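Presented below, as structure tokens, is a lone chain in the form predicted alone.
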């Protein structure tokens, strides 16, 4: 039996702000339990739902030296869907109303968390063969493991994997402050280790010292070796390219299943979606005050409203697109200018644009089921989960060819009768608009071809099982 430990700042269903939580919550369940014992460590945030807190059992506690003080480290545990999840409890660091508070406060919180995650292992009687670290919040684990923990035989020989979910966030702050907080010697704060443009960089530390590096799609693994996507670390990514691999994320096919989804008006699958998707569409049109029209092309958007997601492209051409026979349903929050932009278009094109500027999981399910197409023109997208869900629900993705979008959406080829969606190459508003209008043309003029594409999209497999096999290969290769 090989022991694998996931360490992350969030994990479904306990705490979630993004796709990281989905990965850490889903992947350990799908790794083959005959060969691997996968467990998870995360912080015990005070804002966690009481329902989860009530399930936790006290395991142990001790005191740990950190940042010139001795701090309490409590360990709570729950076995959830067959996976042991440990929570590190400390009121100084994890009494908060959201997981991330900003710099430099988060440097201290997650440095403490990383050191505590290593320190609790002997007391929970679990020695991992591999510690699988996720994003900058756990970047110090491979560094700490390389440093003082080597003095203890228990820790020698433990391998580490560092997974980049989004290279844009790296845990950067000035060297003096970071060195003082994290307690590492000067040796580590040099340009070939943790120093980055004269600052300290926690993610970089993890990427230098991890035994293997993964990211969440094949294309993104290639992109981050280039300056445009590399966020200043492209040189390091090229230097470590033999240890870098891209494994595309999956989605939870139990949670996202149009056949059993209790939030839908009518359930459906790839054999009977034609009439039943329409029932979901007209129900949503009524609910949101849109013109009720079963035949109009409905385009869904469920997203954080930020630059990264390509909303500046939509801003350029939304007026033009609203002259077409389409409806837009937008759900999400984010930058104020994009929130207000969609509110404006809803006011201007009442009946054809619905802007729901908040987040609601139930409404997200309804939009995936009701919409005919799903727009995702991202500037960069390490993996993306929304396009995987839209494929599953038969809402054809319209995406830019970047990162995971390129890896998971096969562009429609009308001559060969292949494809599961539509894509464009350049980050250009009119190229995006041309692709949306091409999708409109197929929808209205070649409905039979459109329906065949919906069936192909729904039959594509992006469950966690396929990704889990690739992670198992990586673990086997590392352990040897």
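Residue numbers count along the first chain shown, from 1. All values reported here derive from a predicted model rather than from experimental measurement.
Beyond what is shown, the protein has a form predicted together with a small molecule; the following relates to that form.
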_Contact with the small molecule in the model of the complex for residue 11, defined as at least one heavy atom pair within 4.5 Å: yes or no?_
no
Determine whether any heavy atom of residue 335 comes within 4.5 Å of a heavy atom of the small molecule in the model of the complex, and answer yes or no.
no
**Message:** Can you tell me if residue 72 lies within 4.5 angstroms of the small molecule in the model of the complex, counting non-hydrogen atoms only?
**Reply:** no
Exercise. Indicate whether the small molecule has at least one heavy atom within 4.5 Å of a heavy atom of residue 205 in the model of the complex.
Key: no
Counting only non-hydrogen atoms, the one stretch of 314-322, 373-381, 197-205, 277-285 within 4.5 angstroms of the small molecule in the model of the complex is 373-381
None of 150, 260, 190, 360 but one has a heavy atom within 4.5 Å of the small molecule in the model of the complex; the exception is 360
Partner-free chain; cross-checking the small molecule in the model of the complex, the single residue of 117, 385, 130, 224 with a heavy atom within 4.5 Å is 385
